[in-house]
Every structure is written in C-alpha cells, then in structure tokens.
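Next up: a single chain in structure tokens, the form predicted alone.
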Amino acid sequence: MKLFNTKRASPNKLSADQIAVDIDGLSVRLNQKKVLKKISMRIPAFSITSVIGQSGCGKTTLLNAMNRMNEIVPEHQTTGQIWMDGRDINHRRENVSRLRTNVGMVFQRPNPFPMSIYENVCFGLKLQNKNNRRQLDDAVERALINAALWDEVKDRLHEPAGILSGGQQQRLMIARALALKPQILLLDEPTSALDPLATLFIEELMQSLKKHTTIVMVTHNMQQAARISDYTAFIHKGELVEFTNSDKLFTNPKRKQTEDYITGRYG
C-alpha cells in the first residue's frame, strides 16, 4: 500500500475548487490565553491532513475552530476567517447547526451514548427530525458500511453500543458522524487509545473515506502522520511553522524548527 502520494501538489499551488478549508489569519484566545496566532493555511479537498506539534501547542484548538467548538469555552475570542464553500464560517450569521452537520468530529476516546448501536448512529438524524424508519434504516446501514463496521454488527444493531470493543466503538463514532454526510471529518487523536490492530483498521478506513470526504486529523504520532496523511502541518506555540506535503515535511523540512521536532530534538 502506498503510504502517501508523492506527486501531491503544494497546498499553495492548488486552485480554489481544490481547497476544502481556507484559513486566513486565524487567532484564537481561550480564557485570556492566546492559543493560536494568525494561522493561515489552505487544506486540500479529498485528502488527509495531519496536524502535529507538542502538547498544548494549539492543535485541538485549530480543529475546534473548524466547526466553532471553541465557543463552548465561556471566555473565547476568535478573529480571522475560515472559508468553506465560499462562506466565512466565523460570520455572525453562519448557521452553526448546519456547519456542525457539514463538519463532523470524532474525539480521542470513543464516547458512545448509553443506547443501542442503531440509535447511536441515527442520533444526529433524529435531532434533525428525520424519523422515517426506512430512511433511518438505510442511513444507518450506509454509515456503518462506510465505517467498515456493518459486517460486525448487522445482526446486533439493537444491542447496547457499550458491548463493542474500543476499536469498534471508535468506528461507531465515525459512523455516527458519517450518517450526517459531512463534507469534512475532524479527528482528534482518533487512535491514541487503541491497540495496534484497531489502529490499523482506523487508518485503512481513513484511506477509504478520503475518496469522498476531507479529513483533518490531530495526532502526536509522527509515524502515523507520515504513514497515512497527504499533507502535514506543524504547529509550535500557537504558530504555524510549516505546512506542506507529508513526504516533503518528513524527509526534507524547510524549517530547522520542523527538523528538530520530527527528529526528536525537542517535544
């Protein structure tokens, strides 16, 4: 299996219709602390982009900015623009519910609801008042197939989600997000709590999903970023140090700061 496409164009050389997320001068302050400082980057569509950096550097905050999850922090301030589909998602008139439907998110640890596998997958659809049983059945099956979980659970859809293994639960969380047909999928260290075999399942799943979904993933695992991502961004103390093709960043970084980080001189 090819680890990443070495012929991928630089993000700065792609046309507007090849870009899923265009971040321009993004700064985020949480609880009086400036977490991100004027981040600008263009995330290519239908690809896997990894975000790496030390703990506390702002990786998760960047991810949260893409569906405005930072707003759950009582004292937050965001400046700059994030363009998706020709809209600045930080505009005060942006429909946040619609945004979070289009931009799904999966967290570090699986968090299934205390309900059946079936009800977990269609939970978001029911919140949108979609209650037609046949349509829900079709959506659940499609999402579980896309999350590579259908064959393992199709005969026990109405059993509690808690019976699933950790790796299965994480794929269930991905299915729950996919049920809403998001254009972008945000993954916050999706395999850090999983064993190597479950991690392999998730990585293979991500390679399949990028055919029709843009994936942005935060990871502390640089080997994983090099292995599966098309592009990688390195953030240090809230600033974007380097963002380019993964093969270029890991084999021939432009900045010494990047080289020091990926070779283990700090971090």
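Each residue number is its position in the shown sequence, starting from 1. Remember, predicted model here, so these are calculated numbers, not experimental data.
Same protein, other form: the form predicted in complex with a small molecule, not shown, and the subject of what follows.
Q: Of the residues 205, 222, 30, 41, which one places a heavy atom within 4.5 Å of the small molecule in the predicted complex?
A: The option sitting close enough to the partner is 30.
Q: Which one, 228, 65, 35, 215, lies within 4.5 Å of the small molecule in the predicted complex by heavy atoms?
A: After the contact test, the surviving option is 35.
Q: Is there a heavy atom of residue 73 lying 4.5 Å or less from a heavy atom of the small molecule in the predicted complex?
A: Yes, contact at 4.5 Å.
Q: Could you confirm whether residue 108 comes within 4.5 Å of the small molecule in the predicted complex, counting heavy atoms only?
A: Yes, contact at 4.5 Å.
Q: Is there a heavy atom of residue 119 lying 4.5 Å or less from a heavy atom of the small molecule in the predicted complex?
A: Outside the cut-off, so no.
Q: I'd like to know if residue 69 sits close to the small molecule in the predicted complex, meaning any non-hydrogen atom pair within 4.5 angstroms.
A: Flag for residue 69 set to no.
Q: Where, among 194-202, 207-215, 41-49, 57-65, do residues come within 4.5 Å of the small molecule in the predicted complex by heavy atom distance?
A: After filtering at 4.5 Å, what remains is 57-65.
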